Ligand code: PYC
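We begin with a single chain expressed as structure tokens, specifically the form predicted on its own.
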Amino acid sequence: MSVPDFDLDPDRVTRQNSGMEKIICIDSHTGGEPTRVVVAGFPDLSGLSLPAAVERLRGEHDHYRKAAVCEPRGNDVVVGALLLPPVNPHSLASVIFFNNVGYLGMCGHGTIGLLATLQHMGRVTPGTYAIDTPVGTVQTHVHGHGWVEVDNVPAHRYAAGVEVHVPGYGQVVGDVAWGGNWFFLTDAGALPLCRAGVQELTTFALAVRYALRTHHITGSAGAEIDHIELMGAAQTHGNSGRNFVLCPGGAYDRSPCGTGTSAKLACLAADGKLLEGKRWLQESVIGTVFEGRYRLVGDQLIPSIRGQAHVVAETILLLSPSDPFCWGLE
């Protein structure tokens, strides 16, 4: 059976579909968690700081976020990464991360996916590159074949031994930590940290997040704790631990979560359970692994997360004004 010769040249698509807008994307996954890098088609945000660009997107152009990652073109798991010119003179590029419900400060798996995508595009070779994010500039180290290490923004434990009553579960104790996003980290207990247990884990994590909100337990300056990280023992010999991370939109992270692993490293360091430079192998709930370690720069803890991404698609999203769901379902 012969394979049709599809011409996906974006200019040809535009000519044949006048009136349509298009968003050009490259899709990858890092440890099973998808990243959709937007390389063209979003509104012009030039001249703005990244926090200001996020606010411009949120306030005036949020429908582009929905069109790119929400149904019918995406789903609750997809994380978008808007590729932008660098803000700082020594950086390679800048990025704004977003998902099905809003915008993220930093995304570890997404940064790994972004650099693997840039290598796929021929824009980087193995080496070290700075990437600007809304919460700070991160250093990345491209090793080739999709392997990327990210020196994340400084992480810290904000509060230890926080107690919260969770209806149906009783008293839950955990730590509040920053790893580029806000996390509440607690033990999974008897819940199974495996794919078969995802529904139970999700139900519990949602209940914890709701209880934190109800009891006004937050990060610094009242920031919402929008990520819940449930922890347990590793299931593969030689690894250090396993997690389940509930993301803000209600989906779970298929990867071990770069910012979640960063928050975990900060808690381990604060408890004296992991020394500077020592390796931590973090399993995800589906068994994929990130390698984490940290270094101290003054009083700041800088986590490093290493993982592998695979580019899986080059995509042209078509936005037709006649489509009632042109701007996505949220």
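On a predicted model such as this, the values are computed, not experimentally measured, just so you know. In case it trips you up, residue 1 is the first one in the sequence shown, and so on.
Note that the form predicted in complex with the ligand isn't included here; everything after this is about it.
Remark: none of the three candidate residues (T133, V138 and P303) comes within 4.5 Å of the ligand in the predicted complex, counting heavy atoms only. Residues with any non-hydrogen atom within 4.5 angstroms of the ligand in the predicted complex fall in just one of 210 to 218, 125 to 133, 254 to 262, 142 to 150: 254 to 262.
For R242, no non-hydrogen atom is located within 4.5 Å of the ligand in the predicted complex, even though that partner is not displayed. Within 4.5 Å of any heavy atom of the ligand in the predicted complex lies no heavy atom of A177. Remark: G108 counts among the residues lining the ligand in the predicted complex, judged by a heavy atom distance of 4.5 Å or less. Taking non-hydrogen atoms only, L115 never approaches the ligand to within 4.5 angstroms in the predicted complex.
Residue in contact with the ligand in the predicted complex (any heavy atom within 4.5 Å), chosen from L104, A81, L185, L193: L104. Taking A205, I96, C247, A155 one by one, only a single residue has any non-hydrogen atom within 4.5 Å of the ligand in the predicted complex, and it is C247.
Along 168 to 196, a single residue, N181, places a heavy atom within 4.5 Å of the ligand in the predicted complex.
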